[in-house]
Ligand code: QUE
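Just the one chain here, the form predicted on its own, laid out as structure tokens.
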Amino acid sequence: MAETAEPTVVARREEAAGTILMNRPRALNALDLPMIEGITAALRDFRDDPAVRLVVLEGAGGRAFCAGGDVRRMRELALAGDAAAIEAFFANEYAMNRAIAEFPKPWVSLIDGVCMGGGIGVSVHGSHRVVTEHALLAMPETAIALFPDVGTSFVLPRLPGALGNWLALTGARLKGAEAVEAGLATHHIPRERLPALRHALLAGDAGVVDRFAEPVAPGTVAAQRPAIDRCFGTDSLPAIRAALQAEGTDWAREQLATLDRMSPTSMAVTLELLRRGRTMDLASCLAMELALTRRVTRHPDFAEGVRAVLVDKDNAPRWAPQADPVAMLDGA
């Protein structure tokens, strides 16, 4: 008899908590459409269940909370010209992101390990984003010629200073405490205390997170903030590059080298996206992102970026000349 595959989303009620486990550890819990549908169904059930007072979201396997969306699959669909399947994935994912933001009960994400892209999307719109010293958060989409999505066109412009532009353009990776400093996470807890916190949360009181959390002192992000604000506090890529060149530090040279590896079209689109998102609500940002996926996934840079980073892994993409970001966003 064939073995039954484990479900990729395990949702259950435990005492006064609804628990959701993203259970695709070999893929670092990357989200595919069935996982998105499973989380959405659990969210709906827990929202309507008066016995559930909060939700706890986790990733299986110990290496990742959620490494993002299944962009390799999106590339396959793009190459096959299956726009309908791409649309279904992103439309369902963004609807889930909005539902998390509108969830009327505490949504507690226990982030231990890698949390990127779609992993940010299932956590950042919730009330509690708990990170350990092993957490690693990033929005690395410009490296694969996508753009910061899952509602981060709303979130990133609202981070302090120019942190949003910096994180979006460079895909900078933040360790747990740094993510709290930057505002992507809300609480820092040592990994060894995570099981005890999870057990305490089952009683249905999200306030226990405050009692478990450790204070985060100003660190790397605070130290870099003045330079980040000087160099990334503009909506112009040429101005950002000029400011980094004028800065003249090792850090600035590292940022320039990083920007040189990214898709020129993706970076230009990302800056325009965040500029617009600054004055829009989350629902409008998600709608803007969904419209943009239709054009970006058809641009040659997307298939090439995913190939270079995730398929062939040669990290040698051959980018097309920069497209007009306004035209990309407006659908011209």
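Residue numbers run from 1 along the displayed sequence. The model shown is predicted, which means the values in this text are computed figures rather than measured ones.
The protein also exists as the form predicted in complex with the ligand; that form is not presented, and the subsequent description refers to it.
J.: With the partner left out here, if you bring back the ligand in the predicted complex, are R72, P140 and V309 all within 4.5 Å of it by some heavy atom?
T.: Yes, the whole candidate spot contacts the ligand.
J.: If we define contact as a non-hydrogen atom of the residue within 4.5 angstroms of the partner, is L43 a contact of the ligand in the predicted complex?
T.: L43: no, not in contact with the ligand in the predicted complex.
J.: Even though the partner isn't displayed, in the predicted complex is G59 close enough to the ligand, meaning a heavy atom within 4.5 Å?
T.: No - in the predicted complex, heavy atoms of G59 and the ligand never come within 4.5 Å of each other.
J.: Taking the shortest heavy atom distance, is M116 within 4.5 Å of the ligand in the predicted complex?
T.: Within the cut-off, so yes.
J.: Look up in the predicted complex whether V52 has a non-hydrogen atom within 4.5 angstroms of the ligand, and give yes or no.
T.: Outside the cut-off, so no.
J.: Pick from 22-30, 35-43, 278-286, 293-301: which stretch has non-hydrogen atoms within 4.5 Å of the ligand in the predicted complex?
T.: In short, 22-30.
J.: Looking at A185, L110, L156, I144 here, can you tell me which has any non-hydrogen atom within 4.5 angstroms of the ligand in the predicted complex?
T.: Looking at A185, L110, L156, I144 one by one, just I144 meets the 4.5 Å heavy-atom criterion.
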